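A single chain comes next, written as structure tokens; it is the form predicted alone.
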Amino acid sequence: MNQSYEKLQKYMEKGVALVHAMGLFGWDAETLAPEKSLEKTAKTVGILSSEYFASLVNPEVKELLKELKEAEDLNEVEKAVVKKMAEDVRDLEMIPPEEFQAYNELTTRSTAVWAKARENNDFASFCPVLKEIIAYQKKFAGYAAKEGQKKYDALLENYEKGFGMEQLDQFFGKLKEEIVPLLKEVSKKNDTIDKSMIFKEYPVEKQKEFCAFLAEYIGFEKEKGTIAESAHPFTIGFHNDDVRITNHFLLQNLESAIFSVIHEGGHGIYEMGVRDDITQTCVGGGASCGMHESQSRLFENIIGRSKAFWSPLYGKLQQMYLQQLGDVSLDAFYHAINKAQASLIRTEADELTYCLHIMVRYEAEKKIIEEDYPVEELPKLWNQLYEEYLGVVPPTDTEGILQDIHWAQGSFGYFPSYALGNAFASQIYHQMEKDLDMETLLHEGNFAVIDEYLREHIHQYGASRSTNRLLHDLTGEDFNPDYYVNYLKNKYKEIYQL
């Protein structure tokens, strides 16, 4: 091993360990930590973040990175580590250390404030904290922006390189042009699909049992993973042998927990599939947020909402809920879980309307970052955009602007990666259908073959290869949103017989 890289590796490993330590506190805050603990815990996280900052932003690391920039004796993973650390150092060294620590303390406290505000339908109580977070985000974006680059573009780059406002405006413009007219056609025939069985009472303990079974069924290994509960389902991976997902359960909504666990299970399977030589490095996560999201959406929607997926499973679900589903056929259930209609909650939106929920958030974030939109007026803006794009108005802030945890965590620029992830998933699945007999594999419940295919082509590389390289290596072309548009058109025209 290159001696300079060996020295750099020690700094990298310390940085990764500190990120994992902060991640554990984040996991704890969302799942089991007592409410009163968070104010003091925030100080601990602040100190850890300060140590992380110092582990990267120091003269020796910068000198080592400079030496290794042109080194020819590094392997692919080592080159990826050097590149990622150089980017992280560049981003961090522009931020005053005291601001970095204060910001991490703030976002540790803010999620608890958000959760309480959401529970109480009280945006006013969250507003002061959100103002602080936005102020930091604008400041950090100003530090990171390259010459001539807009602040929101700098934030978007944190999650999906190569997809700034120009590219996203084109992408969302295509979806508006192609999908909104399809949604209008579908809406005319919505009364042909009965979804009432989904909203009967389904005892939560049975939901938990079935969801645990589903996670293992699709390949989430219980020896390497765990499932907890949180207000907003999420996934965190510390390494490929410690991956944690959460779920939530609603008494009168069967599909919410089912598709949340399949979604988060997809994220978890990605993390579990990263190679051993990559998993505990700074490139041990997904290639990008969009690529990570592509795996969860592929499992949740393209696979999880298909009739072939439910063919071997539906009988088990019926047996658990004979009173609710005993007289409901597989066809009726399949149509119910794919019914498309405007709704309020992003995480429970159908595939056809999902991108419209993302466009609401994208447009709101552009106004917040680029136009200094007043934070106090955000609920009003949110409701206006929902009425414009989906034709519905949230009756409460809990069902509106307070439904997502992302802004409380400071994740401005993250939301577009969800829509991109859907599009990446469609392109990947199109290739999978060429290479595998997906219909037969799903009818057989043979996820070992499916998971191994994804591991071979995507998961094993972590973030050592870019999203575009992974897409090109697998499909032979760069990102192409036409696969997503065609997938939605074909699926919903068949379901609604258009």
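From 1 onward, residues are counted along the sequence shown. In this text the structure is predicted, and so the values were computed from the model without any measurement.
Not pictured, yet referred to below: the form predicted in complex with another copy of the chain.
Novice: Within 4.5 Å of another copy of the chain in the model of the complex, counting heavy atoms only, one of 291-299, 98-106, 235-243, 173-181 shows up; tell me which.
Specialist: Looking at the partner contacts, the answer comes out as 235-243.
Novice: With the partner left out here, check for me: in the model of the complex, does some heavy atom of G225 sit within 4.5 Å of another copy of the chain?
Specialist: Yes, contact at 4.5 Å.
Novice: With a cut-off of 4.5 Å between heavy atoms, is H472 one of the residues that contacts another copy of the chain in the model of the complex?
Specialist: H472: no contact with another copy of the chain in the model of the complex.
Novice: Do F479 and another copy of the chain come within 4.5 Å of each other in the model of the complex, heavy atoms counted?
Specialist: The answer is no: F479 has no heavy atom within 4.5 Å of another copy of the chain.
Novice: Indicate whether E35 is a 4.5 Å heavy atom neighbour of another copy of the chain in the model of the complex.
Specialist: Yes, contact at 4.5 Å.
Novice: Answer yes or no: in the model of the complex, does another copy of the chain come within 4.5 Å of a heavy atom in every one of E13, A17 and L24?
Specialist: Checked in the model of the complex: all three residues contact another copy of the chain.
Novice: Of these, T279, S260, S426, Q137, which has a heavy atom no more than 4.5 Å from another copy of the chain in the model of the complex?
Specialist: So the residue touching another copy of the chain in the model of the complex, by this definition, is T279.
Novice: Could you check which residue among E452, E63, D437, D28 gets a heavy atom within 4.5 Å of another copy of the chain in the model of the complex?
Specialist: None of the others qualify; the residue that does is D28.
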